[in-house]
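So this one's two forms of a single chain, laid out as structure tokens and tagged structure 1 and structure 2.
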Structure 1
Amino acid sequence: MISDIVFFLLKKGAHLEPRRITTGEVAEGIGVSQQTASRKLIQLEKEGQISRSQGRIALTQNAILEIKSKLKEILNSLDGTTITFKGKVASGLGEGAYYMRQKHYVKEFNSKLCFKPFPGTLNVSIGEDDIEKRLVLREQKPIVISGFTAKSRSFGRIDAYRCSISGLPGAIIFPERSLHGLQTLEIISPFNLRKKLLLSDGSDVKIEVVKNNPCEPKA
């Protein structure tokens, strides 16, 4: 993670411009001996995290970028626990059912999503405003369903995110070779959603994704 010493340098503003900072000050700041601080600074310089000249220390651009990326990761985990989409049921192409019947997919969905998918997918058209959320969702680590080849036809991998759709369990899937644009989400579920939720084209649905929310395999 972000080391004590980089944290200290950050607090000293070493990301803005080179700062006059002695090894003794660093030692004091992070609670180690001067010798250790010296050694660590040498190490950081070797790694390209800091640059030193004339008794001044600066964090490199690389180091700053790394800090920012780590920060983003932490913030992403900490807040915004659920992502919510509102959308309308869209007519499907009938292709989904064929895919959802493939033994390999069924097996993987069952073990990784903890449900046996109904053979069919529900297409949901989301509003312009929710496209950004879609991108946020795609920054999350997906549950990966591997691709395979059967009968000299190859089936691509599928990224999945567990969700609840109007209260029922399911998953948003992103097939590697998707037929849909950014406006459409493809949903699978253990249930026949159209029947169970009495949906028809244009019906409003609410989809909620809880980040970091693995399923519990049945014993």
Structure 2
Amino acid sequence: MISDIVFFLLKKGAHLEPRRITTGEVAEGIGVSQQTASRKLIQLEKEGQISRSQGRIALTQNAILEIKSKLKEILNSLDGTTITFKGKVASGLGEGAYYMRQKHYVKEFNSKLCFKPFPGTLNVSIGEDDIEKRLVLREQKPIVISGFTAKSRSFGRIDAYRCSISGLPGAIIFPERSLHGLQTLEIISPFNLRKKLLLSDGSDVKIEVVKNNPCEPKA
């Protein structure tokens, strides 16, 4: 299994670039003493899983390759099994509506997901136990919503995975330039999910990933 410290560093984005993270922060993040955290970090460094320099920590390429390998093993064991997330509704950054109104995205969603999204996203905060499921999901082939350029501004690619939330159709999306961390899922749907499901911040929700089957686009 992927170690607790590696998960913590993944959440902090240490797989993308070196992050300034103290031993105390690691200890608090994984629920151990600072001495234990220090010992684990030293061991990971000896094993070539992390590198440390000037107070910054990064996951090495070896660690990233090992993570991907373990995720593939999990995918094989989950073959035919539905991935389900449980989380709580959370406030977003207020940018979802702007992006969901972009004509190119709307056309792509309608063509590839077969629905026109409500102009906004539902943000769901998942627990640490579900982060591994998120990583497993990202190893699967997504429905790719291509990026584009409009009025000298570029809009990035979006990876999407069909899902069902309380029986309603939707998709989990991963924008190329998302500011959210590993514990936040962004959901789009043809419905205003907050109103349709009577949701508010803190409401419990269950999201079930469904097959990315092709479909006939709606007019």
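Reference numbering: structure 1, starting with residue 1. In this text, the rigid core denotes the largest set of C-alpha atoms whose superposition between the two forms falls within 1.5 Å. No experiment lies behind these values; they were computed from the predicted model shown.
Only structure 2 matches the form predicted on its own. After superposition on the rigid core, displacement of the C-alpha of S164 between structures 1 and 2 stays below 2 Å.
Once the rigid core is overlaid between structures 1 and 2, R20 counts among the residues whose Cα shifts by 2 Å or more.
When the rigid core is held fixed, the Cα atom of V205 travels less than 2 angstroms between structures 1 and 2.
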